[in-house]
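Only one chain is shown below, in C-alpha cells, and it's the form predicted on its own.
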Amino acid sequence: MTEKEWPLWEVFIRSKQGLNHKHVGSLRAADEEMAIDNARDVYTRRSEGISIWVVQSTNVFASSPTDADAFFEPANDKVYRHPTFYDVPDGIEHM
C-alpha cells in the first residue's frame, strides 16, 4: 500500500427483513468513520439497511479456494454428524 492509498474496507449490511449482516462490497476510506459514512452513501441509498459493519480487509482471514476439497469434505470419522446415526421414533412423519 502506498502512502497516499487509503485502506480497503469490507462492507456488511443488515437489511430490514434480515437477521444477519451480508457482505455487499468493498470501498476505500481513510478511517472507520469515513468507511461507515461512505458505506451508507454507496450501499444503502434506498433506505434498505438498518445496520452497517465495516472491517478493514487486512483483518479478514479466509480459507483458500485451492484447499476447498479437503477443507469442506465431511468428517467420516464422526458418525454422529450424519443423519443415519439417529433413529427416528415411530409416529414422526416430518423431520
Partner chain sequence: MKEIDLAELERDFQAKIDADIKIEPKDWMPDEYRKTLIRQISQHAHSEVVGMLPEGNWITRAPSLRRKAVLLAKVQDEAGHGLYLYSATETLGADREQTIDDLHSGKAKYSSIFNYPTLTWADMGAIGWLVDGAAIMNQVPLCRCSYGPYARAMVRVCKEESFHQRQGFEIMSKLANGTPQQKEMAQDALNRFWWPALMMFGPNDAESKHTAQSMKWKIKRHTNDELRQQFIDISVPQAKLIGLSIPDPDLKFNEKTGHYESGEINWDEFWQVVEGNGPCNKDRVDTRRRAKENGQWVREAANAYAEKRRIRKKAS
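Numbering follows the first chain given and starts at 1. Since the model is a prediction, treat every value here as computed from it, not as a measurement.
Same protein, other form: the form predicted together with the partner chain, not shown, and the subject of what follows.
How about Ser51: is it within 4.5 Å of the partner chain in the predicted bound form, going by heavy atoms?
Taking the distances in the predicted bound form, the answer for Ser51 is no, it never comes within 4.5 Å of the partner chain.
How about Glu5 - does it come within 4.5 Å of the partner chain in the predicted bound form, if we only consider non-hydrogen atoms?
Within the cut-off, so yes.
Answer with yes or no whether Ile36 is in contact with the partner chain in the predicted bound form, where contact means some heavy atom within 4.5 Å.
Contact with the partner chain, no.
Heavy atom to heavy atom, is Val55 within 4.5 Å of the partner chain in the predicted bound form?
Val55 lies outside the contact set for the partner chain.
In the predicted bound form, residues of 15-41 near the partner chain [heavy atom within 4.5 Å]
Contacts from 15-41: Val24, Ser26, Leu27, Arg28, Ala30, Asp31, Glu32, Glu33, Met34.
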